[in-house]
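Presented below, as structure tokens, is a lone chain in the form predicted alone.
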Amino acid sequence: MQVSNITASILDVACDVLIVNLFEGVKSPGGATGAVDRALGGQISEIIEREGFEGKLGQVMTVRTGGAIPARAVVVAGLGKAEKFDRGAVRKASAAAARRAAEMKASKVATILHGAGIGGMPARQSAQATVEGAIIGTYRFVAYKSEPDGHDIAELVIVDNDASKFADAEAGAARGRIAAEAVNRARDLINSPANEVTPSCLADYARRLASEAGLDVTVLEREDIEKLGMGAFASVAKGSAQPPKFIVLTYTPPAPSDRTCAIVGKGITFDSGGLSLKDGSSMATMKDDMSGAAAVLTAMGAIAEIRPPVKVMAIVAATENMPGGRATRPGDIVRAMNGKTIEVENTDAEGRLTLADAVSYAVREGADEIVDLATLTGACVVALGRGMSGLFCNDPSLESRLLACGKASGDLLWPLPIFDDYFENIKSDVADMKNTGGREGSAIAGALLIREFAEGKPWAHLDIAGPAYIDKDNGLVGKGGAGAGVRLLIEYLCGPA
């Protein structure tokens, strides 16, 4: 979707669909919506009165213009209650309106800045959220359909008649496009089948991205992985016929930086559970177990385009977890890159093993701060549902920054405790630790194990198991891979637009 900004009266913009808005409970439209209503002879007010359009968040109505203005049709998007209005509401309202425009087979869509007038939202934030909503909300995964259905909007134009807002709105719209396109690229990777998105596929994706975006890339093969002593990661890969890949993408800023951030994504391209085999129902969507990897790889494309002043390493230990003849057995002991040993009690707790070596590698390469993203535990889904990720962190400053970034980006986080007493649950009689700690506090147990490999560096673990793959539309993202964490990483590493 092409995105542009213009300073003009919305009554003068030629387009297929013009999007305006309305707060919940408003009976007589004001501002830009009021101007359109008057130009259309009061049709919007009439529909509010006759059909009971309430302006609830996600609600839309369509008005034909009959040539009264250059737009073929007008879509009115409900913004919800004024007292609950925020960037999340803008994203959902914009998504709902853009979907309606796509259903109408609109090619060129123009929209006002949602909430930048009556709602009091800064133009930059409004433009970013509006564009994110339109692009993320109209995503369709049709790569494997012989006859793709639906329609794509070709052009989105942000319109405001106040020239003083133009620069901020343009900057916000540009950031929104970059972030939303990165989210949708992550969704493509997650939604694609595991017979296509293998560890080698992720490595090839990283190589192409590096070539296109000017990043440095390193891909370690099985022999390299074993030579570096990554016994934890290598143990997970043993059961698969697919070769593992240890992928490192590096962004170096234009000016020298004294800060290096590592973002680490869990890259299990299919998780059968290994010899601790999952049942059929829980295995059906396990192509999504590389959602953390998808997030860090696609975020790197956005980072290369935005060019923040900090060095960034994206690290993915990519493999399948399969029950082959060479697979790791329950009871086996593996040695990670930093020399610590782990007893494998359950081969379905494999993500923390791959992350152990990936985090160790980040420490070895001089990362000052480490953030890992992983679809790690069902326990986190039970605790927090599908609307947010669990945040475990050993550094108060990093934690507060990530929480703020989550709120700003819409990738919501909720802090969970790293309770040191629970480390007793993962102590092993025969090794330094074991990879499970029982059902109680199991999300904490996973975080505690990964923390052992951060070597005291500021580190955060994001358990994205809930929002990574959703089974119904949430108003912004449709069913399937959600691209959880992408917008958060961009906000964290690049700051606001």
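Keep in mind that this is a model prediction, so the values were computed, not measured. Heads up: residue numbers just count along the shown sequence, starting at 1.
The form predicted in complex with a small molecule exists for this protein as well; it is not shown, and the discussion that follows is about that form.
*Asks:* Check, residue by residue, if 4, 100 and 114 all come within 4.5 Å of the small molecule in the predicted complex, counting heavy atoms only.
*Replies:* Zero of three within 4.5 Å in the predicted complex.
*Asks:* Heavy atoms within 4.5 Å of the small molecule in the predicted complex: which of the stretches 340-348, 197-205, 292-300, 73-81 has them?
*Replies:* Careful reading of the contacts points to 340-348.
*Asks:* Does any part of residue 43 reach within 4.5 Å of the small molecule in the predicted complex? Heavy atoms only, please.
*Replies:* Close contact is absent here: in the predicted complex, residue 43 is far from the small molecule, nothing within 4.5 Å, heavy atoms only.
*Asks:* Determine whether any heavy atom of residue 271 comes within 4.5 Å of a heavy atom of the small molecule in the predicted complex, and answer yes or no.
*Replies:* It does: once the small molecule is placed as it appears in the predicted complex, residue 271 has a heavy atom within 4.5 Å of it.
*Asks:* Give a yes or no for residue 377: in the predicted complex, does one of its heavy atoms lie within 4.5 Å of a heavy atom belonging to the small molecule?
*Replies:* Judged by the heavy-atom cut-off of 4.5 Å, residue 377 is in contact with the small molecule in the predicted complex.
*Asks:* Using a 4.5 angstroms cut-off on non-hydrogen atoms, would residue 59 count as touching the small molecule in the predicted complex?
*Replies:* Taking the distances in the predicted complex, the answer for residue 59 is no, it never comes within 4.5 Å of the small molecule.
*Asks:* 259, 427, 278, 105: which sits within 4.5 Å of the small molecule in the predicted complex by any heavy atom?
*Replies:* So the residue touching the small molecule in the predicted complex, by this definition, is 278.
*Asks:* Of 220, 408, 286, 157, which one comes within 4.5 Å of the small molecule in the predicted complex, counting heavy atoms only?
*Replies:* Of the listed residues, the single hit is 286.
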